[in-house]
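Encoded as structure tokens, the following chain is the form predicted on its own, with no partner shown.
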Amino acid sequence: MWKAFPGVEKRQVVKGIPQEIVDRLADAGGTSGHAEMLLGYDYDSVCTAIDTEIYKRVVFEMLDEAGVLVHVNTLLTGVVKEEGWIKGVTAESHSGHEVIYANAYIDTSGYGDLAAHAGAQFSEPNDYPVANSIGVGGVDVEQYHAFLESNGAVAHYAEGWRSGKERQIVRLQAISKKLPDEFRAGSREIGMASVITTVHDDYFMFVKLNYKMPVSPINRNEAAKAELELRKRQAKAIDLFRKYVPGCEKAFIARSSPSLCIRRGRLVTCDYDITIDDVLNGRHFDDDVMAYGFHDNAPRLQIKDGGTYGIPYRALLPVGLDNLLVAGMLITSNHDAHMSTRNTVCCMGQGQAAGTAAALCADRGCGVRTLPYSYLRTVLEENDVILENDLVGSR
């Protein structure tokens, strides 16, 4: 958030594997790069748009190159456990029923199925809408920008790499109240966000439709109803673009998520629960595993003085389980704090930390709480993770 705070230096605080992914995407033409926001930078100083389809291939290639044994199309069905130690997990796939044994486990599923099967304490806050984003083809990015400009409705604007060219529009977001009444009303009815990103000409890569479920998305039957509702909303979104936005008369759905997307399923109780005060006051801890500086509710909520806060290792450790880590959407009970810790880049940083810790625990044959923090920190720093808990008073 450096740009919203005059005098604060521009610096990158999340590198490591997340940056490696961005670099690989750049080589494949699948990202805008770290495009600086020219309008709306009080919300976010940088927009890093990615092509989701290229992303899927790139990260699969990275897993393969790293020697990871990948089990896709496999469903977790249960846990084999002795007291607080997970011995194995049961799974079903087209190959049949099996038990997979390991020394350490990570749950970054968003739904928290592994944690729940293992007996972790959890709640289901149901404090977000579910969503399904679409990619929209047959559109004109420049004409959409002109449409917003003609209504005085440009809120966010960023330029970056698009179809191999520099300084192209890669992100737009509208001031909703300034949009034409019919378009605004139609968008509100279907929960359509006004932001679009792209890394290709004639393509809106990201158009999001939201739906607030009456119960937690863990509920199978209600989730099925939500799937249908969201796909109906996608069709209505295309109708709105065709009818009201110049250059979008031939818009069509070019991509959708295979299933609804969530921001939170289960909330797992961990050794430490990150608070909104921790986030906004830029608090660091003596067991930080990453630093982060973005809040999804900016400018209403921003980290003090354009700084960072830390994710403590103990915030990834489920109470009562000795060889399981959780990360991403599964942690942080306070909704306002969670609006930062569940952000994509924060989840990526937590993922590297949890994966590193699990690998070290498996290698040493120790539990997650007996892994020396100094050892974990050394390995994280060796792998280009930025830690800032030496710069301020930590606790």
Ligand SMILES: Cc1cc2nc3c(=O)[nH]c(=O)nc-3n(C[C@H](O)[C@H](O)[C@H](O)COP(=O)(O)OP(=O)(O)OC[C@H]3O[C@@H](n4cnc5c(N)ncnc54)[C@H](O)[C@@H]3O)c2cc1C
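Values in this document were obtained by computation on a predicted structure and should not be read as measured data. Start at 1 with the first residue shown and count on from there.
One more form of this protein, predicted together with this ligand, exists but is not displayed; see below.
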| property | result |
| --- | --- |
| His145, Arg233, Arg184, Lys208 - the one with a heavy atom within 4.5 Å of this ligand in the predicted complex | Lys208 |
| Sole residue of Asn126, Ser256, Asn219, Ser109 within 4.5 Å of this ligand in the predicted complex, by heavy atom | Ser109 |
| Contact flag, Cys347 vs this ligand in the predicted complex, heavy atom cut 4.5 Å | yes |
| Proximity of Gly328 to this ligand in the predicted complex, heavy atoms at 4.5 Å | yes |
| Contact test in the predicted complex: Ile169 vs this ligand, heavy atoms, 4.5 Å | no |
| This ligand contact in the predicted complex: Ala120, any heavy atom under 4.5 Å | no |
| Heavy atom contact within 4.5 Å of this ligand in the predicted complex, the stretch among 109-117, 235-243, 79-87, 310-318 | 109-117 |
| Any residue of 127-146 that, in the predicted complex, places a heavy atom within 4.5 Å of this ligand | Ala131 |
